[in-house]
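Below you will find one chain, with nothing else, as structure tokens; this is the form predicted on its own, and questions on how it binds or moves follow later.
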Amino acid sequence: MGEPVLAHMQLGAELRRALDNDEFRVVYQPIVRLDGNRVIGVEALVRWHHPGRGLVGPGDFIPAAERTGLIVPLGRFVLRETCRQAAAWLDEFGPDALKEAALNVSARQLHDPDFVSEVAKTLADSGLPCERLVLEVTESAVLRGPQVSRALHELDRMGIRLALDDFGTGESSLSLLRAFPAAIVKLDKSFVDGIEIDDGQPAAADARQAVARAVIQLAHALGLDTVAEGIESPEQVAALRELGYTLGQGFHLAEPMTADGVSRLLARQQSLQPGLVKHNGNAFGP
């Protein structure tokens, strides 16, 4: 019984040290138009460059950061770095090059009474316009009580766009869209996997397409944008486009990349006619 507790304490101590020693890095996964693979935004993702273990993925440390409360300072770092970098791209490439920069926000951060003021200060310090920032929250985070609801509505009034992430995986998706000031719905990867027609399992593909169709019809009725997550093949792109989806992200379109990689991508995009840019088998590369 003591071993998991000890491992938890050790990981928490390592996370504190990592924050102090600047071991975290932000990478960016492009969000692209499915009808030409033009980048319209990025989602910021955090990575841990551990001095002993090398690159550590978020699945290995985000739960520990949540449990220890370190997700608050870690989220603050990601917010500041993303806003700073997005403002720099705006200055370098102009207002039409990148529409938005998105990042995930946890329920723990939304419970922090200083979170909304921290976002406002970060935007002011960076010079990034409010409408260029997208904060992504999960359905479970939205359901965490009145403090979270107040924070989300304050952010919405500031002009920040809110995205409901992993849409369709929770139990209250439809009622949430009435109470939550969402501007964007992100179709969960679980509904994109297998959405292409599969001769071996046509019923499964039909079921996923039915869910994806219902989500986009609902979003259109409510005036919300949609983004399909986890796209991993051209067949999935074709199926999603047939259903009416215009924006997506996933490894087939572009893997997460450094800020320098995004800068090169935006520079190349400005110099070329809109269209597919092949790089190492992906639509885009670092």
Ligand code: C2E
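From 1 onward, residues are counted along the sequence shown. Because the structure is a prediction, the values reported are computed rather than measured.
Keep in mind that the form predicted in complex with the ligand is not shown, yet the notes after this line are about it.
- Taking Pro234, Gly244, Pro58, Gly36 one by one, only a single residue has any non-hydrogen atom within 4.5 Å of the ligand in the predicted bound form, and it is Pro58.
- A heavy atom within 4.5 Å of the ligand in the predicted bound form is found for one listed residue only; from Val142, Ala163, Ile216, Val78, this is Val78.
- Contact with the ligand in the predicted bound form holds for none of Trp89, Val134 and Ser263, as no heavy atom of theirs lies within 4.5 Å.
- The closest heavy atom approach of Ile195 to the ligand in the predicted bound form falls outside 4.5 Å.
- In the predicted bound form, the ligand sits within 4.5 Å of a heavy atom of Arg47.
- Using a 4.5 angstroms limit between non-hydrogen atoms, Gly250 touches the ligand in the predicted bound form.
- Remark: Ile62 counts among the residues lining the ligand in the predicted bound form, judged by a heavy atom distance of 4.5 Å or less.
- Remark: of stretches 123-131, 70-78, 93-101, 152-160, the one touching the ligand in the predicted bound form is 70-78 (heavy atom within 4.5 Å).
- Contacts to the ligand in the predicted bound form (heavy atom within 4.5 Å) from stretch 105-133: Val105, Ser106, Gln109.
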